[in-house]
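Laid out below as structure tokens are two forms of one and the same protein chain, each shown alone and named structure 1 and structure 2.
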Structure 1
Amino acid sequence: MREMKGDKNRMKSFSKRLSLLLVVLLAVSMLAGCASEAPAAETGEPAVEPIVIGYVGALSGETAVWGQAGMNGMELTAKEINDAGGILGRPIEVIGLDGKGDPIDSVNAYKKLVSQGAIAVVGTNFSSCNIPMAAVADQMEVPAIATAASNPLVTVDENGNLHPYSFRIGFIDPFQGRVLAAFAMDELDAKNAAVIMDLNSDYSAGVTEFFVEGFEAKGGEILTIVEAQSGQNDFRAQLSKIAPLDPDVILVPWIYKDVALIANQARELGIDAIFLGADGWDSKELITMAGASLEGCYYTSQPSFANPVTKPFYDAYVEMFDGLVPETEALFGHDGLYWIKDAIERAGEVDIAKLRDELETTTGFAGLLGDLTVDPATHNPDKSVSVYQIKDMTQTFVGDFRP
């Protein structure tokens, strides 16, 4: 009985609340109506419909630090573009949805953004999210522009077919090998090189392949490629094969833990060559583990705030978000939005199919992450890569280099 009564009471209060809610909604909609009419009345021009651009990133959860930075970067950039007159006279509206760093949530966020009228979607930084998103983008025919996602499958499927609506701002991992080869020959005057490669890692194999290709194309000599496995901890058997060849540089495309072991053991064996590596090196711990052995060595990474050209954006970001220090993902948001603006302006009108075509044929788009040229066959960008040197036990920015 008591329960019945309770239910009735609850019903009563529910309907009361519902009617209150309706009243509030009505009031709000009237107010909103007034607000949207106001500027048009003031300026005397018809209201211009904004161009909607979506952003998917992890806005919550463990990886939210990147997603939020990307979103903030988009908002800051949208404000900048709108203050300067928008795109073809129309303002931009950025809508960010939470993909939680999860493939399913990210795909759903993409779909929702398309249904809200987005003409392009920027994000995410995870290959695991962008690989399924690429297939959906092909169906829905709205460009999805990945940020730092580096797996080749984001833009080209396993059978080698291009995802026509999937793009990326960052370079794919192996591309660093090509830049390292050019850097070794042009900047370090290396004539020959050796490679120690992880035979269980696609990453290591990819960087090695591009390095060898680039190095030999420029007339350099690869003395040897030795193979080892992550986790074996002792690399002296392999390094002893490199030692008597005395190469100018040694490519070490491994993750920092193995890099530290390889470097220390190589120095013990009397190898004094310069080591080169890719973004697997990018960890503060590498310095504590093997700083002395790696003194004077170089590695590549995604361009970041280390490049002085990003300073004005950095300052604007810190000011807009009350002293928050931006992550690199913010630069991806910035470049993504300007890249879309660039493509729409080249197309001369806001049309999704034309936007896609212009994105595909981009050459030399100047972003804060370096100049970007898209390979129409793979949608992979040819762009600059940041080179760092380990100097006095710190990671020092050397500059951005192109292959």
Structure 2
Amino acid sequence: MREMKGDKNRMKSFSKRLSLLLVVLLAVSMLAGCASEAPAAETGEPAVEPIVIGYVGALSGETAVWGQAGMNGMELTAKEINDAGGILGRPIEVIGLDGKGDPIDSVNAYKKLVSQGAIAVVGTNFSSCNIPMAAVADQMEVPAIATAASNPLVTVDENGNLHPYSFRIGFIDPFQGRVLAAFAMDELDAKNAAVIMDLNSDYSAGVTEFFVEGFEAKGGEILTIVEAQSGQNDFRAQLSKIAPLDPDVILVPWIYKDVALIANQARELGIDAIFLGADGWDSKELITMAGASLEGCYYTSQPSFANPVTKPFYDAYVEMFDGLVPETEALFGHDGLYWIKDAIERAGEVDIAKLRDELETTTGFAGLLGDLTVDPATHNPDKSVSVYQIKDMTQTFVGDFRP
């Protein structure tokens, strides 16, 4: 009987120790669980889902200098916004995809960004890319915000019907074409003009059309319009048709690489007229490639880093990207992101339909490219055009103009 009682006592003692061990293990497990949640408790809030905003630009190829600047500008601005608390307490995540300056690649990049959760897409700076993108944006119902794409058909179709999800930051070709015409006659006292046009470019055709319209409306004479195409590299045949006409000014609405070739070849042929251009000229590479051939010539563009208000952003860009000098497209990335932030905050929530509505009704948004008020009927901003002169091998701000 004693042996049986002893066994029972040992069993009770073992049971108590086992229960105590289980309690200890449970406590340790709970403490471990609390420890794993400690970072969230320390920050006060669990991690919140970022707001995804896309960028499409030519990140490779001949015009990558623009696309890379736009993407860099978006990244720098996103950091600035996130450091200040994000948008409605949520951080921004910028995703950039390479549109290669090509319409099909740009449309596909836009579609991919939407599939990845982008609530808006900034870019491109090419009308030929944003015109087809506009129709796709209407179908997918996610705003596409063009940067320097300036053809009217970026935001309205051929019949003038609005693309409800397509917007732009920059001015349109009719506007800068008319400013160039008025500037040539009123400021340069030009009586006649010639044009060399890129027949494959909606941008070039648009600037040409409205320059000619404005110039002739003010009594000027268009001596000739000759056509060429980007990539041919030799423009002497077209320039030889212009040379004997001796025009006061020659309109060259091309992008900077072609402009440099045209200017150098024109000077070789003895053409000494003043060249005029639009925002396709706006690159720090232009003077490097053209040398003195464009000395004394003029072009229109957005407000640029020549404006003192952009200096803090310029300095931050150079610091963040190891001394890289920014192109104006970086300012579009900045203003595009802040415009989206402004619209979301006015909406009071992250909702794509409400974001679209607030973009459409924007008035007096203050960006580094100037104040922006949107025409709800066209989604075009009301803003002035800056004129620059190439003087002493630098791009010098002349002033802001309206036609």
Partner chain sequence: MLLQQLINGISVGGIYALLATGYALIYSLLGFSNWAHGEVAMLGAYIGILSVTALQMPFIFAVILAVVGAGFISVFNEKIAYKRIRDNNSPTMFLMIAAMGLSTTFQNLAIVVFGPKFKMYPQILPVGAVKIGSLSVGLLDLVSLGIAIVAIIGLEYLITKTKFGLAVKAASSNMGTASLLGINVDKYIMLVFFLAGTLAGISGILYGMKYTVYPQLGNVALKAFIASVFGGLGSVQGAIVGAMSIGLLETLVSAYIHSGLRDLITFILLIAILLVRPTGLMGKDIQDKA
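Definition used throughout: the rigid core is the maximal C-alpha set that superposes within 1.5 Å between two forms. Small disclaimer: the values here were computed from a predicted structure and weren't measured. Numbering runs along the sequence of structure 1, starting at 1.
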Exercise for the section: Mark the structure, either 1 or 2, that is the form predicted together with its partner chain. Expected result: 1
Problem - Threshold 2 Å Cα movement between structure 1 and structure 2 for L199, core superposed - result: yes
Practice task
Align both forms on the core first, then report whether L269 has a C-alpha shift of 2 Å or more between structure 1 and structure 2.
Solution key: yes
Fill in the blank from the handout: Here the smaller rigid part turns relative to the larger between structure 1 and structure 2; that angle in degrees is 42
Exercise for the section: After aligning on the rigid core, report the distance the C-alpha of M393 travels between structure 1 and structure 2, in angstrom. Expected result: 8.7
Practice task
Could the core-superposed CA displacement of Y299 between structure 1 and structure 2 be given in angstrom, to one decimal?
Solution key: 6.4
